[in-house]
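Just one chain follows, in the form predicted on its own, and it is written as structure tokens.
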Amino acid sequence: MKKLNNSKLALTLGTSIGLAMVAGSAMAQDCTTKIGAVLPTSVDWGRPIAETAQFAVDQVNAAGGVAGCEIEMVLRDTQVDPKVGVDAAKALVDLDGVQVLLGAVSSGVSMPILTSVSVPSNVMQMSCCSSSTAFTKLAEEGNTDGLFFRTFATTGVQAAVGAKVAADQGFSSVAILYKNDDWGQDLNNLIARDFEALGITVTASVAINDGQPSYRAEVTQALSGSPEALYLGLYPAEGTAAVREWLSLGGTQNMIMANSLKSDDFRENVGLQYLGSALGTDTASPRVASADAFVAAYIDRFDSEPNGPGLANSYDATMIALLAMEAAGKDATGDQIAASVASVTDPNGTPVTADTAGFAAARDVLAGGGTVMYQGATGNVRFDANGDVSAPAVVWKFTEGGTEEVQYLSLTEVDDFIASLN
């Protein structure tokens, strides 16, 4: 995952401003509408997620903005910390008056934002990356007020594919190290169940807390059952520290990683020489033209492939939110914007591409009373009644230049495998 340097950011922002000025001849932007973004920009894998969201905003502004107003994305860093994330979201709602929040990434940050900020303030929240099934349960209980959507599949997909990797590799026993937050606990529970369904013994399941000076005690506990492989449901900082302890104490290099470890920093700080037998999992974009178009546009903008976690999902989350704002009209409230999501992801609507031209076309269709079928970086996005999506999946490995796909599982293959586990 190549980081965007300041000169490249300035160049691309300048290009986008120029495009917006050209579009302004067709539609004057004499007003500004703010949206909020609560994303972990202080970590290496979080910055590209935010930059990708800004990319979508720039494309929409080049099309004339939303409801005749330029969009300003006000970005605040969550630091992957629930308290910091909630404070950031409150500031965006109370001070900036946003009706849409993009984020967060970690489920452990998105959940308190949803329950203590978005729902009480009637603000729509669109997450690119939060996968905990706790959001599904909350929606089923009627406690999200229909305000929460996510363009990333639930933890159940990643857990199932992680278990499949272990079975395909012939492992009969696995230890689990997981982050001690909403996401990690959910992932641990799900993958432990899936391992059991496949006849794979979980020798230990150990929670990892942030910021500890050492994880020797936790790693020693995980090693105690002599597992054939290690499953890692961690983020790069604690993941690096835990894996270093694991290797120093003689742990196997047979590792299965959640997508949260799809990080240059993790690869470089652990060392590629120790990750040759490590395989990661992630959700994936379908093999369709709109996904290919996003990759080409991303490369043109950032001079690198979109290899980091959540980039396609971030783009779609932002673009769908802005389309819903266009459908809801100027000065729409959060619940009105949320209710308009269905009209821009309608499987029977007019197909529109995920770019400046596509947004302009969608505006015309919506103005005429029609609906559109958004075709984006992750395909034709469909939300169920709980704001959830399903997705294909990939197995990947680290390389000198980043990551490389090892296996692709179609949506049908993923759904069929999950059904076989259940």
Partner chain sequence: MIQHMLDGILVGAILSLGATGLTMVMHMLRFANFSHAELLSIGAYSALVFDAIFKSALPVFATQIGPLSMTLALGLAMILAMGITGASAVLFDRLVFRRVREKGDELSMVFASFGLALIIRNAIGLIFGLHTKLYSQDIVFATVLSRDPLLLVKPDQLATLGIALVIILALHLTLSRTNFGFALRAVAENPNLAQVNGINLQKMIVTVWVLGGGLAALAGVFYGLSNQITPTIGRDLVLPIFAATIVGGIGSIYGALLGGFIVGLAANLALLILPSGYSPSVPFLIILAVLLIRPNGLFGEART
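So that the term is clear: the rigid core is the largest set of C-alpha atoms that superpose within 1.5 Å between two forms. These figures come from a predicted structure and were not determined experimentally. Residue numbers count along the first chain shown, from 1.
Unshown form predicted in complex with its partner chain; subsequent notes refer to it.
Participant: Ala296, Ala342, Ala217, Ala197: which sits within 4.5 Å of its partner chain in the model of the complex by any heavy atom?
Facilitator: Spelling it out, the residue with a heavy atom inside the cut-off is Ala217.
Participant: With its partner chain left out of view, choose which of Asn307, Thr350, Gln336, Asn269 has a non-hydrogen atom within 4.5 angstroms of it in the model of the complex.
Facilitator: Comparing distances to its partner chain in the model of the complex, the residue within 4.5 Å is Asn269.
Participant: Applying a 4.5 Å heavy atom distance criterion, does Glu70 contact its partner chain in the model of the complex?
Facilitator: So Glu70 does not count as contacting its partner chain.
Participant: Taking heavy atoms only, is Arg244 within 4.5 angstroms of its partner chain in the model of the complex?
Facilitator: Flag for Arg244 set to yes.
Participant: Can any non-hydrogen atom of Asp44 be found within 4.5 angstroms of its partner chain in the model of the complex?
Facilitator: Residue-level check for Asp44: yes, a contact with its partner chain.
Participant: Any chance Asn180 has a heavy atom within 4.5 Å of its partner chain in the model of the complex?
Facilitator: Yes, Asn180 lies within 4.5 Å of its partner chain in the model of the complex.
Participant: So, a 4.5 angstroms cut-off on heavy atom distances: do all three of Asn209, Pro213 and Leu249 pass it with respect to its partner chain in the model of the complex?
Facilitator: Judged in the model of the complex, Asn209, Pro213 and Leu249 all sit within 4.5 Å of its partner chain.
Participant: In terms of non-hydrogen atoms within 4.5 angstroms, which of the given stretches 162-170, 327-335, 200-208, 311-319 touches its partner chain in the model of the complex?
Facilitator: Selected stretch: 200-208.
Participant: By the 2 angstroms cut-off, has the C-alpha of Ala207 moved between this form and the one not shown once the rigid core is superposed?
Facilitator: Yes, the C-alpha position differs by at least 2 Å between this form and the one not shown.
Participant: Taking the rigid core as reference, does Asp335 move its C-alpha 2 Å or further between this form and the one not shown?
Facilitator: The answer is no; the displacement is under 2 Å.
Participant: Take the rigid core as the frame of reference and indicate whether the C-alpha of Gly142 shifts by 2 Å or more between this form and the one not shown.
Facilitator: After core superposition, the displacement of the Gly142 C-alpha between this form and the one not shown stays below 2 Å, so no.
Participant: At a change of 3 Å or more, would you call the C-alpha separation of Asp77 and Arg267 in the model of the complex closer or farther than in the form supplied?
Facilitator: Their C-alpha distance grows by at least 3 Å in the model of the complex.
Participant: Given a CA distance change of at least 3 Å, are Ser263 and Asn380 closer or farther in the model of the complex?
Facilitator: So the answer is closer.
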